[in-house]
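What follows is one chain in structure tokens, specifically the form predicted alone.
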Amino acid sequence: MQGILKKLIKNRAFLLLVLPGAAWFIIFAYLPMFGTIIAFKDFRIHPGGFFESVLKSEWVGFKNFEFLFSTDDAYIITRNTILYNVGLIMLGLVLAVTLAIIMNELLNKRLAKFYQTAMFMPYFLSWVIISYFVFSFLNVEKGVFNQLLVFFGEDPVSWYSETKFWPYFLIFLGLWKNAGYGSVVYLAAIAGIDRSYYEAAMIDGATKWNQIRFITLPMLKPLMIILTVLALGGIFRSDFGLFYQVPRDSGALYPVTNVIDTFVYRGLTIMGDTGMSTATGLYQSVVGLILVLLANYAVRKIEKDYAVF
């Protein structure tokens, strides 16, 4: 016990730095875990408040999960969530690394800063604002796309009723919004690479492409693997604003826009089924944890130094 106290006193400065983040996780991540018991109950509101409602609600075991997986919605939301996230993770990785390398290779650094800022700006825009931008293009009567179609003699398209276009719209918008942020992370990693590697390569006659292929990309590989493993943990979590605000909650688009997060939200606000919504969220979290553990295990087997833990 004394040894632990000595270590705490010795590292008190570092512990104080960690304290705000630890407090945030305890309050907003660990304490709410008590609510997961609702997934196994037929939750009903009681006059005594939340805790009394949880304790006095009838225990139903796995019936909420059975109801979830007995519907077609379970397959649709799981399929959409996984496919969209796989596409966004893989394409986002390629796009972020490509943009970072391009920014690093620009000779005019002032111009590079301008491009970097321009790419980073969408990250700070709310999906609500972006949804109005998208609506200005896709509006049936006055949208830019339909006006162009009419100008070229084509019939206007009811974009918010046609499911075939939206997978491309959503992936494009997800990449457009987040690629700038991802590129900054990789650009910082590129800036930390020892320049003597490139100097030695130039002396040996290596082209720019060879320098990127044999120096930059191998140096970025550990960071790429770590960020991808961490991203896999959120493969069952979708960007709620992208899938709810941008399609404007159009019922006709549910087959291609309904994901686990939007399903939980509608389950709470429309159906009022707290038990099934909690069961869905728990299913989402457990599978995400399993995916992180499996991905990290696979990386550890291939290259131990690249594993997250």
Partner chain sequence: MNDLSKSMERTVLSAPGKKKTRDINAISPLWNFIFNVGVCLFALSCIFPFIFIIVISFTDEKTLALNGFSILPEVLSLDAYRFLMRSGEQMVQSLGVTLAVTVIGTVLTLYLVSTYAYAISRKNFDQRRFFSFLAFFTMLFSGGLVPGYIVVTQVLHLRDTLWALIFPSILNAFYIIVMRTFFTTTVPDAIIESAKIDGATEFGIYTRIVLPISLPGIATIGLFSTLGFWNDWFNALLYIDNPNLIPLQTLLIRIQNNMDFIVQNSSQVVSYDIAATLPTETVRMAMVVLATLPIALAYPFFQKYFIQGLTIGSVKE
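Values in this document were obtained by computation on a predicted structure and should not be read as measured data. Between two forms, the rigid core is defined as the largest C-alpha subset superposing within 1.5 Å. Positions refer to the first chain, counted from 1.
Not pictured, yet referred to below: the form predicted in complex with the partner chain.
Exercise for the section: May I ask you to state whether Y297 is within 4.5 Å of the partner chain in the predicted bound form, using heavy atom distances? Expected result: Residue-level check for Y297: no, no contact with the partner chain.
Exercise for the section: Classify L220 as contacting or not contacting the partner chain in the predicted bound form by the rule of any non-hydrogen atom within 4.5 angstroms, answering yes or no. Expected result: Although the partner chain is absent here, L220 would stay clear of it in the predicted bound form, with no heavy atoms inside 4.5 Å.
Exercise for the section: Indicate whether the partner chain has at least one heavy atom within 4.5 Å of a heavy atom of L83 in the predicted bound form. Expected result: Looking in the predicted bound form, residue contacts with the partner chain do not include L83, since no heavy atom lies within 4.5 Å.
Practice task
Tell me, yes or no, whether V264 is in contact with the partner chain in the predicted bound form, where a contact means a heavy atom of each within 4.5 Å.
Solution key: Yes - in the predicted bound form, heavy atoms of V264 and the partner chain come within 4.5 Å of each other.
Handout entry: Candidate stretches 84-92, 151-159, 98-106, 71-79 - the one whose heavy atoms come within 4.5 Å of the partner chain in the predicted bound form
Key = Only one stretch qualifies here: 98-106.
Handout entry: Selected contact from M33, M271, A252, L55, since only one has a non-hydrogen atom within 4.5 angstroms of the partner chain in the predicted bound form
Key = Contact with the partner chain in the predicted bound form is made by M33 alone.
Exercise for the section: Flag this candidate site as yes only if P122, M202 and Y244 all have a heavy atom within 4.5 Å of the partner chain in the predicted bound form; otherwise mark no. Expected result: Every residue of the candidate spot has a heavy atom within 4.5 Å of the partner chain in the predicted bound form.
Exercise for the section: Heavy atoms within 4.5 Å of the partner chain in the predicted bound form is the criterion; list the residues of 223-260 that meet it. Expected result: Heavy-atom contacts within 4.5 Å come from L223, I226, L227, R237, F240, G241, Y244, Q245, R248.
Problem - Yes/no, E52 Cα shift of 2 Å or more between this form and the one not shown with rigid core fixed - result: Passes the 2 Å threshold, so yes.
Handout entry: Rigid core superposition, I9 Cα moves 2 angstroms or more between this form and the one not shown
Key = Yes: I9 shifts by at least 2 Å between this form and the one not shown.
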